[in-house]
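In the form predicted alone, a lone chain appears below as structure tokens.
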């Protein structure tokens, strides 16, 4: 009997240098036994963080044409997973993708900003319209900046208390998704943590992060893609959060130990083996 691999329509940009977006999402999902079908939103020579005058090619027209072709072929996807979008029109096309596959796990990584500020390529209108995707999502994976952008609130200047974190998770879930993960949250107890909420079970989850004093591009893409693969392989939400946290920490610590240029991203190639091994997951805890 032929084995059915889970399939993901991955709607993201492709950056040639810098280990982010599709260049990390595809290998992560593949090594987890999930077939990743790329739907590129744009092609860039490098990511946009400090590597000079990058080349950018917009692929807005491609997304809808690809969807029509897949529908003609009567293809099915187990998951539709969107990330960085290069134009406002792409939000419309992503919504059409989600509507075309209503039984698929709908994952939206609302890549809009970081460190309290939106990315230069994101207009206020694009940020507002991201809600059109979030309301259709089963899972969203914003960082703290993106979480507050989605809520239309000012980015907090002090660490979050547990009660504040819970309120934020619940309010994000109120926008539509049943699962919410907020990454890299500084908590009032001094810990950095990834936080999760399961609306159906009204359950809050927390996985504390082991801090390393460096920042790399693409870490959010890696976290979200591991979480997607884990959920498709049967993990619960807290298990998926821990698996993603553990793997990302391995990538960051390995890279930091070698002292490579942070702009090149994490040394993913040296760490992918970890995702093929059975892991004992014990770090997640209730929030």
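Bear in mind the structure is a predicted one, so any value in this text is a computation, not a measurement. Numbering follows the first chain given and starts at 1.
Omitted from view is the form predicted together with a small molecule, to which the following refers.
Within 4.5 Å of some heavy atom of the small molecule in the predicted complex lies at least one heavy atom of residue 221.
Contact between residue 48 and the small molecule in the predicted complex is found at the 4.5 Å heavy atom cutoff. A residue is said to contact a partner when one of its heavy atoms sits within 4.5 Å of a partner heavy atom; residue 119 meets this definition for the small molecule in the predicted complex.
In the predicted complex, the small molecule stays beyond 4.5 Å of every heavy atom belonging to residue 197. Only one of 213-221, 148-156, 171-179, 96-104 places residue heavy atoms within 4.5 angstroms of the small molecule in the predicted complex, namely 213-221. Of the residues given (130, 193, 140, 111), 111 alone sits with a heavy atom within 4.5 Å of the small molecule in the predicted complex. Checking 32, 231, 250, 44 for any heavy atom within 4.5 Å of the small molecule in the predicted complex turns up a single hit: 44. Residues 15, 20 and 84 are all found to lie within 4.5 Å of the small molecule in the predicted complex, as judged by heavy atom distances.
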